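Below sits a lone chain in structure tokens, taken as the form predicted on its own.
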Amino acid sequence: MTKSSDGVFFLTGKDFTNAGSASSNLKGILDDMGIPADIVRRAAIAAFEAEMNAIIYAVAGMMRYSITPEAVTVTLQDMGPGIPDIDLAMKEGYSTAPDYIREMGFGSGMGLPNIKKNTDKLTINSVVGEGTTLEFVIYLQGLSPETSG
């Protein structure tokens, strides 16, 4: 891959009709750019989990992506309740999802752990009552800034 790409997707809370559209579009863009399939899979999983968290919990959100020859970077900012305890939220199986979300097949407490498992770098900043900003990076060809020098 020799070119870069940037884009933005807007998300609406509780819009389950369009849930997964942003991550699906990102997957298509990565495929079209010739990104290796294993990187596309990891990015699509992480983006879907982040997107669903915003749709489930927030009023609205925005997913931005940047694709360079070095990395895929995705930032999701939402206007939601915030995460009171990020360490607890990172534990597999921990969920604050209401019953109606669980009945739809979501809210198993695997969202943030799946993002972490599928990315090379994950940063979460959250303010209770304001929202959350999550950024993840997947380095291409297994290179990170520490190993590519």
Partner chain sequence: MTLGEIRGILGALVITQRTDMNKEIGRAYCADLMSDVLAFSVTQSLLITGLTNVQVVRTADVADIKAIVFVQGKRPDIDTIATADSKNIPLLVTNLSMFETCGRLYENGLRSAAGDTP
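Positions refer to the first chain, counted from 1. Nothing here was measured: the structure is a model prediction, and the numbers come from that model.
If you look for the form predicted together with the partner chain, you will not find it shown, but the lines that follow are about it.
Comparing 63-71, 80-88, 120-128, 22-30 against the partner chain in the predicted bound form, the single stretch with non-hydrogen atoms within 4.5 angstroms of it is 22-30. Contact annotation: residue 141 falls outside 4.5 Å of the partner chain in the predicted bound form, judged by heavy atom distances. For residue 45, a non-hydrogen atom is located within 4.5 Å of the partner chain in the predicted bound form, even though that partner is not displayed. Within this chain, residue 52 lines the site of the partner chain in the predicted bound form, having a heavy atom no more than 4.5 Å away. For the chain shown alone, residue 110 is a contact residue for the partner chain in the predicted bound form, at least one non-hydrogen atom being within 4.5 angstroms. Contacts to the partner chain in the predicted bound form (heavy atom within 4.5 Å) from stretch 103-118: 103, 104, 105, 106, 108, 110, 111, 114, 117.
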